[in-house]
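Shown below, as structure tokens, is a lone chain in the form predicted alone; questions about how it binds or moves come after it.
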């Protein structure tokens, strides 16, 4: 019986002996894994939250590039933080801030914006031509005037009515227009898609500078035209659905 007691006593003393022994390894606080909310490294945050849509290096993704000096010159930090935090409702761009249902803290949203600036804005300079405001000018454009601007500047690549041509795809596609906001359309009209060869508001389809860059009114008019195509497509879709329902 006494041997059993001694054996049990020795076993119980082992953890204490390990704790006080100088030979036992103690966890290094510096090696403690970070909680998801503590990650502030831009590369990690961007890869986990942005690269799937905007491309591994901020370009050549299905969404407009973030690695675009003209875009970064036009959009303020507040603009970028707002879009990341709140997303673009009705589009694939979801809200990433915790306060809006996402997973990022305010510090992480700020870290992404700061990382974009430091990684992709080194050579950013404001263009010589007047740079239009980033935010959509609501009600500032008309579709009728936009049709004339589109014919002069866009039809050569996108077709006379936006149906697409050999150089570029359709921009009157109901699916495309349903997935993009007027604000995003405005951004693309101004910045183009340099990663895909689409010229910006200063340049023509051949890459040469336009005789006169698109001005604020022309940009707003083109956006109004594209928005009118979206509205027409939605109305036609509703009419088809209504007719299908009536035929049942």
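Everything numeric here is computed off the predicted structure, so don't read it as measured data. Numbering follows the first chain given and starts at 1.
The following text describes the form predicted in complex with heme C (HEC), which does not appear among the structures shown.
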query	finding
Contact label in the predicted complex: residue 92 to heme C (HEC), heavy atom within 4.5 Å	yes
is_contact(residue 140, heme C (HEC)) in the predicted complex, heavy atom dist at most 4.5 Å	no
4.5 Å heavy atom contact, residue 199 and heme C (HEC) in the predicted complex	yes
Heme C (HEC) contact at residue 88 in the predicted complex, heavy atom, 4.5 Å	yes
67, 111 and 227 all contacting heme C (HEC) in the predicted complex, non-hydrogen atom within 4.5 Å	no
Interface residue in the predicted complex among 136, 105, 153, 132, criterion: non-hydrogen atom within 4.5 angstroms of heme C (HEC)	153
Residues from 144-172 in contact with heme C (HEC) (non-hydrogen atom within 4.5 Å) in the predicted complex	150, 153, 154, 156, 157, 158, 167, 168, 169, 171
